[in-house]
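Only one chain is shown below, in structure tokens, and it's the form predicted alone.
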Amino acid sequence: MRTAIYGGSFNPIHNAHLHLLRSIQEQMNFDRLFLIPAGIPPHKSAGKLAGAAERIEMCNLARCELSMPVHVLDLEVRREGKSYTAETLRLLSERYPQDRFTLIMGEDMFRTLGTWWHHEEIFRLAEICAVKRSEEGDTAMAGLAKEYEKEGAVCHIVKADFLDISSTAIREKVLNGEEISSLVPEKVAAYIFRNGLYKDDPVFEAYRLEIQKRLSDARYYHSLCVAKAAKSLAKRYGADPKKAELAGVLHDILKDTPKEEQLQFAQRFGIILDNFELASKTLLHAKVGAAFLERELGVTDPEILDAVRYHTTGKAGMSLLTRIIFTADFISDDREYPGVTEMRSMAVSDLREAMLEGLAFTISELTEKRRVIHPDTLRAYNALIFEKEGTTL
């Protein structure tokens, strides 16, 4: 069995990793691949790592992108202390004595291979497949290969185009709320987003975990999607992106809480509910949710509380943040209603028009179903119409 070994932090695994492996497989035709997420890489600072289980799961999600059989091994992340390649190869040789191993690495790693811990044992236990970046590196790598071969190494120098993608850049994009769908497999991008990976803001992280605990998986995912959309709209219209993201993730905090429990919160907080809110759990969760955030979770920012309070009905005289959260709730990535694509485009070009569209949709739907319409919704719609026409309500 000719088995390739490819290790790395995979923090996260991305399309450049997969492109490299496809190129090597075309030239080497291995029987299978062992993908091994590292524990603590000894040759470089790993930076902020996702958890071991999360990195392994991302590798498992990505392996379906490759045509050859791929096995994700956790032997390095389970090992205490630093992960040395010689120890990994020793263990693999004991487990799979019939395998012929080939260790895959890039040009930079190949140039330092002679300094690795017990590199002579690495040469004994595995062949080396080194990927050159350019023709210019060919001569230097060929010379190094000859030196390594004097110590017993078997070296294969292969050429593969490198994609300009790095895990560091991906993590920065996630932190900034930017798209990564072109940089990692679709399932990996969804996993990063759904699990809130690479978010360094401790305040956001604390509230995200609280939301995750209180909501169903689908509702939690929706909250993350709204947070993402709100952050993007905030950048577009000059609001505070961090505040918008936080309001977005918090907006549905009590949506999955039973109505009876919400009514108990309202009574405890001294909230006076009107007949519309008493009749509708959809309206109830917004008003009580804002009070819950303030009384139970210590959210004191009046803009965030107002955005949560009116994200369902809207109101006359909405702040920019409240408008953003109201709209983000309509255009988040998880929404699939007819016309959502046009709504997303509208939100980017004209926030007020997008709000009017959302309010008109809500009013039309409630009218069609012969349901009452909250006065705040009608006031919000009328106020925006007057604003558009340059008059006052």
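All residue numbers are counted from 1 along the displayed sequence. Fair warning: this is a prediction, and the values are worked out from it, not measured in the lab.
This next part talks about the form predicted in complex with 2'-deoxyguanosine-5'-diphosphate (DGI), which is not shown.
Only one of the listed residues (R323, K199, K255, R208) places a non-hydrogen atom within 4.5 angstroms of 2'-deoxyguanosine-5'-diphosphate (DGI) in the model of the complex, and that residue is K255. For the options E65, D329, E54, E357, the one in contact with 2'-deoxyguanosine-5'-diphosphate (DGI) in the model of the complex, meaning a heavy atom within 4.5 Å, is D329.
The shortest heavy atom separation between V348 and 2'-deoxyguanosine-5'-diphosphate (DGI) in the model of the complex exceeds 4.5 Å. At least one heavy atom of R219 is located within 4.5 Å of 2'-deoxyguanosine-5'-diphosphate (DGI) in the model of the complex. In the model of the complex, 2'-deoxyguanosine-5'-diphosphate (DGI) lies within 4.5 Å of some heavy atom of H311. When contacts are judged by a 4.5 Å heavy atom cut-off, V372 counts as touching 2'-deoxyguanosine-5'-diphosphate (DGI) in the model of the complex. Judged by heavy atoms within 4.5 Å of 2'-deoxyguanosine-5'-diphosphate (DGI) in the model of the complex, the contact stretch among the candidates 240 to 248, 107 to 115, 210 to 218, 282 to 290 is 282 to 290.
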